[in-house]
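Shown here is one chain on its own, the form predicted alone, set out as structure tokens.
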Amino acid sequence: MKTDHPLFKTRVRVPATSANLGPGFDVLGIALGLFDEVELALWKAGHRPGLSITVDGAKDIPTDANNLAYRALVRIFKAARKPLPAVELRIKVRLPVAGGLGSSSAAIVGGLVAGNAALKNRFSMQELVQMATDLEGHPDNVLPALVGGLCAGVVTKAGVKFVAWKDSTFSRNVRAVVCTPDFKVPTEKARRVLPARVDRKDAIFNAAHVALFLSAIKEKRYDLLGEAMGDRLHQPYRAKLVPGLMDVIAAARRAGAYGAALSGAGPTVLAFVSHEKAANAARAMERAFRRFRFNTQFQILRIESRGAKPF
């Protein structure tokens, strides 16, 4: 009697992430309490079609070999020098696609972590971070998606070097309000508007503000985040892709947010705020976007200390 059981099966939950956090362009990222899920089943070759992908919760995500979770799976099996059996992927999407909350990174990380589980955790976290960065191109989203917390990552000749902060006081007392208008900003488009060169004063400004941001978190001086989340390297140029960006940031601050910034490439705007004032800040951000005739969705999220894990 034939059995219809896979060779291996797992589900991975991957947190949303917000990159840059103002001044930390391509360097800083934070994990948030909103999750995509990647379910992987591996079948004996010939028992099922070689590749089956279903996506729930989003349109326009590839269901063929171009799917990012599948590409990550191929990458990790290739690194292990193991043949990839027939693949069945089920992806539940809760992160807005091209919305600035790390949807592509979540797919990559989900595929890598699921694949690593199938390979009996052959690869270390450092190796997973490197593979994810190679696939995504920069570590700011994939890093917190993998390890959780507030992360800083730098690409060096020797590989990605990173640190993750998991401050219980920060995660307990601060919420992340994310306000997403009803349009998309593809990352490629958001990168094309950036200048090839920047003024030295602007580079110094951002370096100083990254230092202030991290110091404010460490010393629990959240009142400094409004200044610390200032930026001159990407937000001034991306503002034309997100009408109302600076008005939404200002509205969040007036409503009591510690600080606010464009989340990743946008169009989502992220605000750090005390949980007592989170709802007021969210409604203020929503009203500011509405003045530019955009409908929005907002969520009040916890800072997530855990990265992607099978469950």
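What you are looking at is a predicted structure, and each value in this text was computed from that prediction instead of being measured. Residue numbers run from 1 along the displayed sequence.
Although it is not shown, the form predicted together with ligand HSE is what the next lines describe.
Contact between V269 and ligand HSE in the predicted complex is not found at the 4.5 Å heavy atom cutoff.
Proximity of R221 to ligand HSE in the predicted complex falls outside the 4.5 Å heavy atom cutoff.
Not displayed here, ligand HSE is approached by T187 to within 4.5 Å at the level of heavy atoms in the predicted complex. Although the partner is absent here, E136 is a contact residue: one of its heavy atoms lies within 4.5 angstroms of ligand HSE in the predicted complex.
Of the listed positions (K161, K82, R191, K92), a single one reaches within 4.5 angstroms of ligand HSE by any non-hydrogen atom in the predicted complex, namely R191. Comment: 258 to 266 is the region of 54 to 62, 33 to 41, 258 to 266, 277 to 285 lying near ligand HSE in the predicted complex, near meaning a non-hydrogen atom within 4.5 Å. Every member of the trio N20, F25 and N141 reaches ligand HSE in the predicted complex with some non-hydrogen atom inside 4.5 Å. Taking ligand HSE as it sits in the predicted complex, the stretch 194 to 226 never comes within 4.5 angstroms of it through any non-hydrogen atom.
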